[in-house]
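Quick setup: one chain, the form predicted alone, written in structure tokens, and binding and motion questions come after.
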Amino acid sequence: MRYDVVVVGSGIAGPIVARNVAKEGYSVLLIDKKPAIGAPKQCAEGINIKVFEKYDIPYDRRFINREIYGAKLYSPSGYELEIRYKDVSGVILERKVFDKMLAFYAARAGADVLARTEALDVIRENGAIKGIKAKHEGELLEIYADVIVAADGVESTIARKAGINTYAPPHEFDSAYEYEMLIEGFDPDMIHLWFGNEIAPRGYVWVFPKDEDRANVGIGINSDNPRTAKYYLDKWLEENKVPAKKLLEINVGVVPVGGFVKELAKDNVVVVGDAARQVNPIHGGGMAEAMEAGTIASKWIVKALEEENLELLKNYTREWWEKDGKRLERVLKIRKAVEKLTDEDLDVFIQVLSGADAEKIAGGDYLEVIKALLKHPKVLMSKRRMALLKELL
């Protein structure tokens, strides 16, 4: 088999690359080891509504479960901070349909798509990578391509086989555990987030509504915690008197929340999405980041093919680090500071922050918020809080 580009992995970044490159007339093969693209999901399924226009994705009701109008944040002692918009601000997706539709859009743009096809290794000739070895329904395949895209998740086989350093220490991962379940008593137009060191160490509990009485209820915690994410989630459900007897689905996953891959392109191999750890370190979401990385990567793949100069692929590394990389490094800095907050600190910050402040932080515009917090009496009275916030300036 011979293609201009082979993309390994059909999560979010992979089909974006496949679609964009195929649109330009190049031959593309998108493969995924799962028999049904999109399943099982490993995601809370929430995403900002702006991505649909930005990344040219149809706003298709087939994969939009519910429209969301904001978020409610809860401190350890129960203080609440609400960010509510008049218009729809985000949606809860049905990832099993969404991922498959992204692959469909790639196929419709001209790419070939093969489900149940697992990448096993790279093909090397005279030291150079010429393609990949894969297995499709038990049949061994040799797929030759000018460019190989590693979009095969956190444990990327292709990036590792290509010699790209994707190592990150255990502390740079979160463990996530999630039930899709029947649940009542929460505003279904908002996402809900609970914080606290006893509730979810370094992370949070989420309720992302998919229906009036159905939601993704999950948790993310530091993966080097001696207790499991399931332990903390079940404890939270019990303490909040939420019965866990109507579980429609259980999802488990590991989320990279730091340690971004430095070298995103090596020779003719590029790495995108979770494989490159392109995930927001503070909330663990990576769909928008994967779309951005896939868009940048596909631009440079097309230029490299047009000019028959694979050296141009290195510009993907440069451009990503100049744009999203810098932003995510700042977010990582915030997460490391947040790790030092006590439950009492979290109570104070939730009390003194406004919805507008939280919106600025979510958008990465945190400097003005920190400056305002430094003038607040409840912060001024604590040398430790002052020191923590000054670290971020």
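The structure displayed is predicted, hence computed values, not measured ones. A residue's number is simply how far along the shown sequence it sits, counting from 1.
Note that the form predicted in complex with a small molecule isn't included here; everything after this is about it.
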field: Contact assignment for the small molecule in the predicted bound form, among 229, 103, 205, 287, heavy atom within 4.5 Å
entry: 287
- prompt: If you check in the predicted bound form, is residue 270 within 4.5 Å of the small molecule, heavy atoms only?
  reply: no
- prompt: Does residue 111 make contact with the small molecule in the predicted bound form, using a 4.5 Å heavy atom cut-off?
  reply: no
message: Under a 4.5 Å heavy atom criterion, is residue 66 part of the interface with the small molecule in the predicted bound form?
response: no
- prompt: Taking heavy atoms and a 4.5 Å cut-off, does residue 264 contact the small molecule in the predicted bound form?
  reply: no
message: Is it the case in the predicted bound form that 13, 46 and 253 each bring at least one heavy atom within 4.5 Å of the small molecule?
response: yes
- prompt: Picking from 346-354, 320-328, 34-42, 333-341, which part of the chain touches the small molecule in the predicted bound form when contact means heavy atoms within 4.5 Å?
  reply: 34-42
